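So this first bit is one chain, no partners, the form predicted on its own, shown in C-alpha cells.
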Amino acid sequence: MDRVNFRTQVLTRHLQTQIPTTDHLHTAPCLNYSPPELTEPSPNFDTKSLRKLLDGQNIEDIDYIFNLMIQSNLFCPRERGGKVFIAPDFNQSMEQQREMTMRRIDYLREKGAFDGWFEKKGYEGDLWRFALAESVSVFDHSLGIKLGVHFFLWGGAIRFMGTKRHHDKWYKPTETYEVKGCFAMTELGHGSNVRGIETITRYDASTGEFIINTPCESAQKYWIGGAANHATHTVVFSQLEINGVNQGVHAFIAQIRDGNGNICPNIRIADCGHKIGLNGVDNGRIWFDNLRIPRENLLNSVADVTPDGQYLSAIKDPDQRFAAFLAPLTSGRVTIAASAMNTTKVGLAIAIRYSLSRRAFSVRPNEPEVLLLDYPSHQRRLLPLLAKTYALSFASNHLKMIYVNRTPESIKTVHVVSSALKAVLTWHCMRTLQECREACGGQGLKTENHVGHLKSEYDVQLTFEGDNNVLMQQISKALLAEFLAAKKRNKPIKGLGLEHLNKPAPVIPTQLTSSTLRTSQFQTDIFRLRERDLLHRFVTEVSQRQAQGESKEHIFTVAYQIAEDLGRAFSDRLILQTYLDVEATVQAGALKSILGLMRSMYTTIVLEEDASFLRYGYLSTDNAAVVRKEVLKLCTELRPHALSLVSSFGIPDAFLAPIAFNWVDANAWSSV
C-alpha cells in the first residue's frame, strides 16, 4: 500500500508541475546538400591524364557509346534531384527485361555501333571491340552479356575456330543480327570440366551429315545465354565420335530456330527461369534429338572430317589439340575482368561521392556533423579499395594487351594471366560492392542507388568462364609445370614473370618502417619472396606425395590450400609489376606522386589482409603491426584526393545514382 501511495504522489507532482514558457529546445537548421566539388581540394594532378592511363586509346570510343545510351529513352532516363540518370527498370518482369535488352541491341545496331565488327583488324580492332563491350556493361550487365554471347562467343567461335567457308557465310548476318547466335558449351552435368561433356556427335558418311544427340539428361545444354527466346543458331560443343573412336570435344554450328522464331525440328528448348540477377538475358536449356547438320558445319580450324569420314588434324596429341581448340576463347575472361573493374568503379564513385556530402554525428557540442569520409573508419573501408581498383585496372589493361598481341608462343601466358586476373578482379568487384553497399547505409539498399543491386547482377562473374577457386588451382599447376620443365632442361626458368626465381631469394628487413614499406624495392621483394617460397613448398609437397605413389590428380585435390595461396601470390606479384610498368611511363610530378601513394596503399593492404604473409613467416607479428598502422596513415594521405580519383574514372553522371549527387532533393516530397 505504501508503494501505491508513493507512486500516486509522484504522478500528482508530475501533473501539477508548471511547464516553463521558455523553450529550451533549439531546432537545428535543416540539412542541405553541398556538392563536394565546392568543399574538396582541387586536383593537384591532371585527371584527364589519369583517365587516359585507365582507358588508353579508346576514350573516344567509350564516350561515344555512353552518349548513344544517354540519348535514347530506351535506356530509361529519369530525373532525380535535378539530374537525369539512366538505368534498367528492374521492376519489369523477367520477360519484359529480356525484350528491353533486345530492343537496346537493335537501337545500337541501327546507330551503327557494331559496323565493321569483323572487318576491323589488328590490335586496334580488338581493343575497339573490348571498349564497346565494356561501355554497354556500365549501363547493364545483361546488355553486356547478351552482346558478349553473340559477338565474342558465337562470333568468336566462327572467327577463330572456323575457316574461310564459315567466315564468308556467317560474318555478315552475325554483324547485322539476321542471325542471333549463342554458345552451347555448359551442360547440366559439366561446367568447368569441358572435356567431360556428354553430348555426342557422329558422322554419317552416306549423307555427309553430322548427327548431334543429347544421350542423357545430364548432357542437356544449360545456362545458354540467348537460347530461351532469341537465338536462331548456336555453336554446339560435343564429343566427336568417328568410326567408333572418340576424337574429343569439337564445335559445330546448328540452327535452333527459324526466321520466325519457331524452334526447329529435333530441338527441344526450355527456359532456365528467374535468376538472382541478369534477368535481361534469356538463359535456356537445349536438347538435341539426333539433329542432322551439314558436314561443313564443323568448325575446322584445328581438325576436319573428309566426306568419306576420315578424321584429319595436324595436331596429333589430343591434349594439345584440345588446348589449341579453346585457346582463342580467352577473350571471355578478358571482358569479364574489364567489366568487373568498371562495375567496381561505379560502386566506388557512388559510395565515395555520397560520403563526401553525407554527415553523421558531431565530435563536439554545437559543431557541424562530420562528413562520413572524414571518419578514419570510413576511410579504411573505402580508400584501400579505391587504390586497389586502380592497381587491378592497370592489370586488366595489361591482360588486354597481351591478348590482342598474342602469338602461338604466348598462348600459355595469356591463359594463365587471364585465369589469375579473372578470378582476382571479380572477387575484388564483389567485395567492393558489398563494402560500398554498407558504407551507403540504408540508401545502399535502394535499387536506384545501384550499389546493392549490382551485387546480384554481377555475382555470376565468380562462376562463368571458370570457377575462381578452380582457376587459382590451374595457375599453380601451370607454375609447377614451368618450374619442373626448367629443372629438367637444367636451364633458368623463363616466362610468366618467374625469372626472379633464377636469382637469390630477397632478404626482408627484420624491422619495417613507414619509409621501407613505401619503396618499390621492398614491395617487389616481399611479393616475390612469397611467390617463390609458396612455389617451392608446392613443388616439394607434390614431389613427396608422388614418391609415395599418389597420382597427380589426387595430389592436386588434397593440396588445394597451398595451390590457392600460390595462385594468389602469383596474381598479386603480377598486378604489382603491371602497376610499376604503368608508373614508369609517367614523368615526375603530381600524377606520379599520387600513383606512388596508391601503389603503396595497394601493396600494404595486401600485406595486411592476406594471412599467408603471417602464416608462412614472411612478416613477423611486430612487422604486421607496423603494416596495420601504415594503412591508416596512407588513408589519411589519400583522403584529400578521393574525389579527384573517382572523377578520373570518367564515368558520366547519368550512370551513377541519386545519392552520388543531391540526395536531399532527390528524396524531397516534391519528387514523389
Partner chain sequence: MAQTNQVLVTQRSNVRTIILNRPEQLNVFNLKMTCQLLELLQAYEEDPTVKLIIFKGEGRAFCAGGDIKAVVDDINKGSWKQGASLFSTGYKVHYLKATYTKTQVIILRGIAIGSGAALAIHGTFQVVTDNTVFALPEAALGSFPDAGSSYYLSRLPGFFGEYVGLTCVRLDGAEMLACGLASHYVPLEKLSSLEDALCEANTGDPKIINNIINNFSNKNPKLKEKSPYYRLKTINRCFSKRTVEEIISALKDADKNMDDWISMTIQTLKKALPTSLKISLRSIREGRLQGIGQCLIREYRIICTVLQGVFCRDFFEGYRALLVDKDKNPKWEPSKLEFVSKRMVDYYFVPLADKGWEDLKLPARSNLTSHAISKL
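Quantities reported herein were computed from a predicted structural model and do not represent experimental measurements. Residue numbers count along the first chain shown, from 1.
Not on display, but discussed next: the form predicted in complex with the partner chain.
With the partner omitted here, the residue from Leu38, Ala611, Ala625, Leu31 that has a non-hydrogen atom within 4.5 angstroms of the partner chain in the predicted bound form is Leu38. Of the residues given (Arg532, Lys275, Lys83, Lys169), Lys83 alone sits with a heavy atom within 4.5 Å of the partner chain in the predicted bound form.
Here the marked residues Arg195, Ser410 and Gln461 all miss the partner chain in the predicted bound form; none has a heavy atom within 4.5 angstroms. In short, of 45-53, 615-623, 630-638, 600-608 it is 45-53 that has heavy atoms within 4.5 Å of the partner chain in the predicted bound form. Although the partner is absent here, Tyr107 lies within 4.5 Å of the partner chain in the predicted bound form, judged by heavy atoms.
Using a 4.5 Å cutoff between non-hydrogen atoms, Gln434 does not count as a contact of the partner chain in the predicted bound form. Lys111 belongs to the set of residues with a heavy atom inside 4.5 Å of the partner chain in the predicted bound form.
Although the partner is absent here, Gln71 sits close enough that one of its heavy atoms falls within 4.5 Å of the partner chain in the predicted bound form.
Of the residues in 346-362, only Arg353 comes within 4.5 Å of the partner chain in the predicted bound form through at least one heavy atom.
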